[in-house]
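In structure tokens, one chain follows: the form predicted alone.
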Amino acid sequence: MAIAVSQKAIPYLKALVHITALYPLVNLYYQAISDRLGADPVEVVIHFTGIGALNLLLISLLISPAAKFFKIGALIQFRRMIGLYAFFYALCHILNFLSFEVQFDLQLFIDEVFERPYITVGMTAFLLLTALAVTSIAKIRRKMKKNWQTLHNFTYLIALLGVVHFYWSVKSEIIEPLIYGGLYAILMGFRHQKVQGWRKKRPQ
């Protein structure tokens, strides 16, 4: 049974998405400024923004199968917005690391990227996500035509890299990263026909 969503309701729903995405971030920095994040506020801020980016990426991957299953075509209108918020959280994650961990020492930052595999993976995911955010602009999307969809299929790789980055970044508690890995596998399972199509198109 299809669930109808009035076009008049879309702006209000989008406003709700904006509030839901921004409030936790604003509250996080307010808590940090107020010194209410415990003994290691830097770790809390970096972890929160990183996990927030991963959560939003997985939500963006959930939208298409959810829209298809529940027959709510209007959900697709929120995919770009949520993807951009994933980029925004990832940007905050990088800036937090730059400011708090390496004190804006760019050489140290570059060394960290190349010497620590989990940071290498995370930075790769961020650069790909930046490319997706830039090309989501309508004018650029029109110019890219079919190439746009090809590029945005990298969302699946970015989410996987995010899960790997999370897994490698933890020192002992791996249950949470494994849960995210399971969620990613389920979301990709919804796309098994699409994945099989890619395999068939690969040159033998």
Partner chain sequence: MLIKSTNRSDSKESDVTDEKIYLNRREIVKNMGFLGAGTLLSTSAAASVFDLFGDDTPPALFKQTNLEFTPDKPFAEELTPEEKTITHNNFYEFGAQKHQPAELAQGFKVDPWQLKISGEVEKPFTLDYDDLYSSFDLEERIYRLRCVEAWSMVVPWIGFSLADLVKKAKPTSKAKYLAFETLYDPKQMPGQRNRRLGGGIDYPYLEGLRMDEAMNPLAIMSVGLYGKTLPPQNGAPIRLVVPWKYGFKSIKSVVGIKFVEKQPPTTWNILAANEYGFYANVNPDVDHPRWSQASERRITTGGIFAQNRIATLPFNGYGDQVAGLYKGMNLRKLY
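As the structure is a computational prediction, the values presented were derived from the model and not from experiment. Residue numbers count along the first chain shown, from 1.
Below, we turn to the form predicted in complex with its partner chain, even though it does not appear here.
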Taking A66, M81 and R142 as a possible spot, do all three reach its partner chain in the model of the complex with a heavy atom inside 4.5 Å? no
F88, heavy atom within 4.5 angstroms of its partner chain in the model of the complex: no
Y12, heavy atom within 4.5 angstroms of its partner chain in the model of the complex: no
Spell out, yes or no, whether the shortest heavy atom distance between N153 and its partner chain in the model of the complex is within 4.5 Å. no
With the cut-off set at 4.5 Å between non-hydrogen atoms, does Y180 touch its partner chain in the model of the complex? yes
For the chain shown here without its partner, which stretch in 66-74, 132-140, 167-175, 145-153 has non-hydrogen atoms within 4.5 angstroms of its partner chain in the model of the complex? 167-175
Of the residues spanning 16-54, the ones with some heavy atom within 4.5 Å of its partner chain in the model of the complex are T20, A21, Y23, P24, N27, L28, Q31, A32, I33, D35, R36, L37, G38, A39, D40, P41, V42, E43, V44, V45, F48, I51, G52
